[in-house]
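Below you will find one chain, with nothing else, as structure tokens; this is the form predicted on its own, and questions on how it binds or moves follow later.
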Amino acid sequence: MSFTLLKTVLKKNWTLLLIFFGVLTMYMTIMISMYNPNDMEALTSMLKMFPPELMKAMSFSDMVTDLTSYLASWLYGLLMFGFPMVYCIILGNRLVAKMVDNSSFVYLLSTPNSRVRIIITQGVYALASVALLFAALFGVGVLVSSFMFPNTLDISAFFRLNLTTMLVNMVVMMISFFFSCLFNETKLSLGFGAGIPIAFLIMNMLGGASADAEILKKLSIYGFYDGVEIVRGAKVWGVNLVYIAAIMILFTAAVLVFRKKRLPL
């Protein structure tokens, strides 16, 4: 890995990370401010107005009794998958395929760094940016909750929730990064790098909404994830290991593919 290149990549992409951090911080602050510890029955009653299928598709739970499970149900579901997914798709394509497509990647190849070193550096930044995003969101959640509702948030459970959510999004990042390394054209990189994560998300929603389509949820990377159960103490180390294995496999595959591919530069 090249630390000089890593600094350059950071300078070129920090604005993108900051934008998504700002948007997600806004949503987190709004959701925490909407929490009413003295009237959880009102929230439960409102949830019962929605069709059960829609509730399951959106990963909402009517068993919310505290701030931590409230955030796990209402925030760390579709929202914490959808917005980071967009970030992963944009960044994954930008780090490799877009640079190859517009021929700017030639400047990286003109440096003393090898192909493998360059692509490892790009991939490390991709993963590190996701880690930084969720570390910052964890900090924001703890600080805002402590200010608005002191001693209400279960910090340990909230940490576990953020850790697993981070790993899921790292898998998405590596899917996008792999196809960015595989294809030389942005349209193909985005087509597969965005299409597959979106398909997984739709499969998870359809599988949650209908028992007949439950197999779709089991085939989705999101099907292993249940935020409410995580904060309730469910053991997720096995699920986390699956996500870590997927990240490592996709990263390795991306490096191997890029090392041997022909570049139209």
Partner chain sequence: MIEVKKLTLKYPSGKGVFELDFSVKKGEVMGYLGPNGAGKTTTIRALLGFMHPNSGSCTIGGLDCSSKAPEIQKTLGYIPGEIAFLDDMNGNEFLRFMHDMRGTKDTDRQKQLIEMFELDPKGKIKKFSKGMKQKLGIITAFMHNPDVLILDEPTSGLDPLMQNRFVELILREKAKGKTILMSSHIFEEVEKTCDNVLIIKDGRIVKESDVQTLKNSQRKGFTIKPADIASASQLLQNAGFEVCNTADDAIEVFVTGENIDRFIKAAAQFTILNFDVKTQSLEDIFMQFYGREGK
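Residue numbers count along the first chain shown, from 1. All figures in this text were calculated on a predicted structure; none of them were measured in a lab.
Just so you know, the form predicted in complex with the partner chain exists too; it's not on screen, but the next bit is about it.
Asks: Can you tell me which of 72-80, 161-169, 92-100, 191-199 lies within 4.5 Å of the partner chain in the predicted bound form, counting heavy atoms only?
Replies: Selected range: 92-100.
Asks: Are 8, 107 and 263 jointly within 4.5 Å of the partner chain in the predicted bound form, each by at least one heavy atom?
Replies: Every residue of the candidate spot has a heavy atom within 4.5 Å of the partner chain in the predicted bound form.
Asks: Even though the partner isn't displayed, in the predicted bound form is residue 111 close enough to the partner chain, meaning a heavy atom within 4.5 Å?
Replies: So residue 111 counts as contacting the partner chain.
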